[in-house]
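Listed next as structure tokens is one chain, alone, in the form predicted on its own.
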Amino acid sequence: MMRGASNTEYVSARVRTRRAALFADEDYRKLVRMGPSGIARFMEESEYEREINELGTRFSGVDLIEYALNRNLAKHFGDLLEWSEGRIYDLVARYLRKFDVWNVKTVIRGIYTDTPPEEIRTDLIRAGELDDSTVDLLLEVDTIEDVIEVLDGTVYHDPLENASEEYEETGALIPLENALDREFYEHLLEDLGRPEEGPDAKYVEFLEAEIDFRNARNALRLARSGADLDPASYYIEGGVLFDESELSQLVADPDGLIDHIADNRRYGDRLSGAISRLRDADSLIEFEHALDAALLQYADTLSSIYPVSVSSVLSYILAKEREVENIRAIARGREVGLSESEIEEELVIL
């Protein structure tokens, strides 16, 4: 249950200040032309200065950038929780559990691909509810079964254990990843009801949109995976765009899936530009980036209606995530020798 009074005005004001410090699209275009050392110097002259300086004695190149990005992200989202009181604290805290899901998925993918633990560590974002000791234990295990055992006593254990049989049968990570997503989204809308107007209504509308876009993403992933999986079993309840049967029908029809989004009055009227990007996407990664951009645009629209609300906080969280992911993509792309145009394809630009 959500508790106490909320200091929404104070948190919204602090968030506006933080948002003003985010990189602009023009900054990403500058970074694309730099190597890792240049990117690190650029970050040092921004609000990443503290992290770059503190970590610069131990790391260099892309490793320095990765650790600085993740530490900065965790700091900013930790600050959100520190500032928040009462109801807005509860709403922000439950949303930040997405980073627990991110970290567990990252460990599972690392084990699946035999990635060294130190490489997995650079991708972890310690901004959720799992404590550092649990996250560190996840980095020490060698099998997905051990990951599930480490998570015994958390909300993620039972969903993963229930999905493990299908994982063993198919050899695909989709059952495990979807089990984590479902656990997160089921608790996200808990106790909120369906308010018809006001800031709470826009907050719920944003969460519904995120679930809708997650379902769209899952549908395309299932279509491209080639695995013999039942689409209905990957349906996440809580959105407004699909029911189970519709999602199952649209898995094999990407164009129909996009038409379904465009024909919906809630999204079609507000996301015409984003939907054009979806139609132009030639690959799954481009489609997913277009979905990310659409969700960012949608969150910004909702937060502009009620700038002093939890929606403005969630809009900032997504924008900060986009900044970190874009800088990471540029640094990694430069490290492996991608061209500027290839790197730009990896970015989420509004």
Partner chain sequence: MIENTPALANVALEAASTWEASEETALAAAALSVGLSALAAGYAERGIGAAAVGAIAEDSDNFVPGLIMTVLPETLVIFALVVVFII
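Numbering follows the first chain given and starts at 1. Every value quoted in this text rests on a predicted model; they were computed, and no experiment measured them.
Separately, the form predicted in complex with the partner chain exists; it is not shown, and the next lines address it.
For Thr17, a non-hydrogen atom is located within 4.5 Å of the partner chain in the predicted complex, even though that partner is not displayed.
Although the partner is absent here, Glu9 is a contact residue: one of its heavy atoms lies within 4.5 angstroms of the partner chain in the predicted complex.
In the predicted complex, no heavy atom of Trp102 sits within 4.5 Å of the partner chain. Among heavy atoms of Leu22, none comes within 4.5 Å of the partner chain in the predicted complex.
Residues of 318-349 placing a heavy atom within 4.5 Å of the partner chain in the predicted complex: none.
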